[in-house]
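Given next, in structure tokens, is a single chain: the form predicted alone.
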Amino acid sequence: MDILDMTALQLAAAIKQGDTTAVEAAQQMLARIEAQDKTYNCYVTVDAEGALAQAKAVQKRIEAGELTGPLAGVPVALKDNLCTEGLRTTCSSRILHNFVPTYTAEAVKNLQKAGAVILGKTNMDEFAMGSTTETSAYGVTRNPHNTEHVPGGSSGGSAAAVAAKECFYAIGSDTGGSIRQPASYCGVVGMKPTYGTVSRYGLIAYGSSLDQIGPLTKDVADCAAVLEVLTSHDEKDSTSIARKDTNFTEALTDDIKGLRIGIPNDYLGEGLDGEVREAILCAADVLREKGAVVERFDLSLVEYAIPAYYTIAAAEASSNLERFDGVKYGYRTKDYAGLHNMYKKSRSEGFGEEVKRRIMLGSFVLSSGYYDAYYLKALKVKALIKKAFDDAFSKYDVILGPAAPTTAPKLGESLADPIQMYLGDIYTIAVNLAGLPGICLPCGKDSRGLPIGLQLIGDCFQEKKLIRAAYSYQQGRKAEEMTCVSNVENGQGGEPA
């Protein structure tokens, strides 16, 4: 098998067995990036010299028996909002064009301890604000399945890099679907863990109560292995949770008999593309045939998730981005008259249009006279959404639905109508509001050959159930690329015809 076709776990095993080396893997990956990334623009920064130095050091430790983990020696790409000591971190924004952190994010440190080789930083929507990776100051990223289409966002560069075989796996961050939606558009696996599972220390914040770091991989087994490495309790992050049930790879079993799966009727209604709907219901049939109990149900408050999310996220963004003022680091305007003028000009020139739009919205909802009417009300809706999920998980182990209402739109379509872009997050944002885990994996393609993503949602700290269901579905698809007509079309329960 060609090295580039291997999964992360397969490559690590090959390196351990002596069939290849970490250096050879890094060299092949860097050559591929050099050959094709001008087309896809997955990377903002490629650290070729650093990657090869890391690969040589890691290879020595593998040969010495010091590194024995399942991902040792495997090249990885990092989203450009994860701080890395000595390596430029821009958040794909002009305002951080020259920012080189003096410390490394805790999640990245965990990868380094496991023997990861960091290739570079991937493109993203500026400060993670967007759903298409078109708001980047460093140009748009293109979908490897069709370069006329977007890869999704904000972790679009990471998802596209995995799909284009420009890394073996990548790390993204998910504030309202920013891992799962690009995974859907690019036909890869992406997971957002339970809030607090992965340390946010060193992640440049967008919405602090919503952000969570997670993996983008070629398959479910890689996803479980990477999540296991990322997870740790971190005293530097006050929201970090000490968990004992982090052996996620033990959930890679093809046994879901009796697993209760609910499909919200609200996720299959108006606005969902017909081909996406059929693929999702086909996936439900696969899981039913493997022994799961699949039912339809009503999940309330879905229509309130988008306004609640954008109110809360924008409010937190306006606070978090206040620190980028042209004084401490990053971009500073050349011509200014006085301190306040320097602030205004630096921020006006340094931030892109979408970021400025969300900062202004956030400042508005936090302002005197509007705090109670908007922000406080959004927090109350957030609590109600969490309660609706709690009620659902009293009946079901897993909730199944689409990750996005359509397949990847064409470049330029979403930015022309920002409201429509926001509405595209309808199936993912409630997961962040409730702090739940969610995974997206491929479940087919539309008539244009664009990938369709299946989203599975679990209760807090139930990643293992998601991994088990996702792995079982993946095995079912491998066993038989079946064509099925849904039998979940009518009524509760959707008994087989």
Partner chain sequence: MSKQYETVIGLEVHVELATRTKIFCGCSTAFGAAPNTQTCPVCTGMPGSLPVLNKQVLEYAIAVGLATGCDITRYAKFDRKNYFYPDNPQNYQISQLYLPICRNGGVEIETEAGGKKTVGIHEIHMEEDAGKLIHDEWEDCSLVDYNRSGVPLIEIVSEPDMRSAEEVIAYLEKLRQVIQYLGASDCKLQEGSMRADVNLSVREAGTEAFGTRTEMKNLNSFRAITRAIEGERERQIDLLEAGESVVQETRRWDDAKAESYAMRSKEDAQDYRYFPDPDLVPITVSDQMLAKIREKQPEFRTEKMARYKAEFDIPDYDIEIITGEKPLADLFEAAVACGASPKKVSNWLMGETLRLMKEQELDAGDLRFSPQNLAKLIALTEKKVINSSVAKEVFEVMFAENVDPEQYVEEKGLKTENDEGALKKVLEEVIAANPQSVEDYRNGKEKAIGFLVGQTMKAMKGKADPGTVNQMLRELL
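Bear in mind the structure is a predicted one, so any value in this text is a computation, not a measurement. Numbering follows the first chain given and starts at 1.
If you look for the form predicted together with its partner chain, you will not find it shown, but the lines that follow are about it.
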Would E316 count as a contact of its partner chain in the model of the complex, using a 4.5 angstroms cut-off between non-hydrogen atoms? yes
Looking at the partner-bound form in the model of the complex, is N265 within 4.5 Å of its partner chain by any heavy atom? no
Would you classify E413 as touching its partner chain in the model of the complex, given a 4.5 Å non-hydrogen atom cut-off? no
Exercise: N110 in contact with its partner chain in the model of the complex, heavy atom 4.5 Å: no
So which stretch, 99-107, 175-183, 266-274, 281-289, is the one near its partner chain in the model of the complex (non-hydrogen atoms, 4.5 Å)? 99-107
All three of K257, T406 and Y427 touching its partner chain in the model of the complex at 4.5 Å, heavy atom to heavy atom? no
In the model of the complex, the residue from F393, F297, Y138, Y343 that sits within 4.5 Å of its partner chain by heavy atoms: Y343
Contacting member of K165, H145, R94, R347, with respect to its partner chain in the model of the complex [4.5 Å, heavy atom]: R347
Could you list which residues of 314-352 come within 4.5 Å of its partner chain in the model of the complex, counting heavy atoms only? A315, E316, S319, N320, E322, R323, F324, D325, V327, K328, Y329, L339, H340, Y343, K344, R347
